[in-house]
Ligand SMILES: Cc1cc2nc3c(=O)[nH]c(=O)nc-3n(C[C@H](O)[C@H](O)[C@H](O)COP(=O)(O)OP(=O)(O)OC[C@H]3O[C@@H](n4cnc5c(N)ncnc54)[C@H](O)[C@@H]3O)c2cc1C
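Just one chain is shown here, as structure tokens, and it is the form predicted alone.
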């Protein structure tokens, strides 16, 4: 196939080009998803709009409320960012298992989110942080919660000509930690059979759950927040019993399929196990950070 390649010099020009070419245009940055889809015949854009060099769309910035990640930020940058090495370490753990080293050097956070794979490793940690996306398009700017952005496998709420300009989330409360676990058929460069992220906040004594946010990937048409499992932890003693109950409820909330990688029953079992492990890891990290 053939296509025209465009390299706009500004965000405004990129949006204008997308509006001009309509459904036949696709944005491209790292290309680790788009190029594969083109080669497999899944998409056939007449125009590719290269946004990889647009200013202001890459990097991680501290804000008054928390952090903003540019959509062109690579997973290698996430892995190495100093502010994500402590309570936000689930971001590092998820970034570190996205493909191999070569992929993480070029794959972008925004591209992976927009690809909307149910097994995208970086989406669950962002869901537990209640991340929101800033979006620019021909009709102006808007902000949407990540949990509302991905609407199905390969589907998002992006309108024609729109692109993500930032991923934002707030700082964690005191006595909080995050964790991420992934299970695949092999240890590296493998799509998730199931992946789980957790964000846990304990009380001042470090023994009782104040709040928890959980997210599960590859166990439904989109990554999901098992709200009953989250609610079950509020006010409970932090430990095996409450964490295991949350895992059971998360498994009940999931709707996995059976495929060549695993059966639906095995995926549900993994959800229960990994939720318990993630919550346990969070509690251990909170305890380890206490003076």
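Residue numbers count along the first chain shown, from 1. The shown structure was predicted, so the numbers you read here are calculated from the model rather than taken from an experiment.
Heads up, the form predicted in complex with this ligand isn't pictured, but that's what we're talking about next.
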Open item on the list: Check for me: heavy atom within 4.5 Å of this ligand in the model of the complex, for each of 131, 245 and 274, yes or no.
Closed with: no
Open item on the list: Between 254, 32, 232, 222, only one gets a heavy atom within 4.5 angstroms of this ligand in the model of the complex; which residue is that?
Closed with: 32
TODO: Quick one: from 145, 189, 160, 173, grab the residue that has a heavy atom within 4.5 Å of this ligand in the model of the complex.
DONE: 189
- [ ] Choose one stretch from 79-87, 104-112, 208-216, 137-145: the one whose residues place a heavy atom within 4.5 angstroms of this ligand in the model of the complex.
- [x] 104-112
Open item on the list: I'd like to know if residue 120 sits close to this ligand in the model of the complex, meaning any non-hydrogen atom pair within 4.5 angstroms.
Closed with: yes
Open item on the list: Taking this ligand as it sits in the model of the complex, is residue 36 near enough to touch it, meaning that at least one heavy atom pair lies within 4.5 angstroms?
Closed with: yes
Open item on the list: Check residue 262 for me: does it contact this ligand in the model of the complex (non-hydrogen atoms, 4.5 angstroms)?
Closed with: no
TODO: Give a yes/no on whether residue 184 approaches this ligand to within 4.5 Å in the model of the complex, heavy atoms considered.
DONE: no
Open item on the list: For a quick check, can you give me the residues of 61-91 that have a heavy atom within 4.5 Å of this ligand in the model of the complex?
Closed with: 71, 75
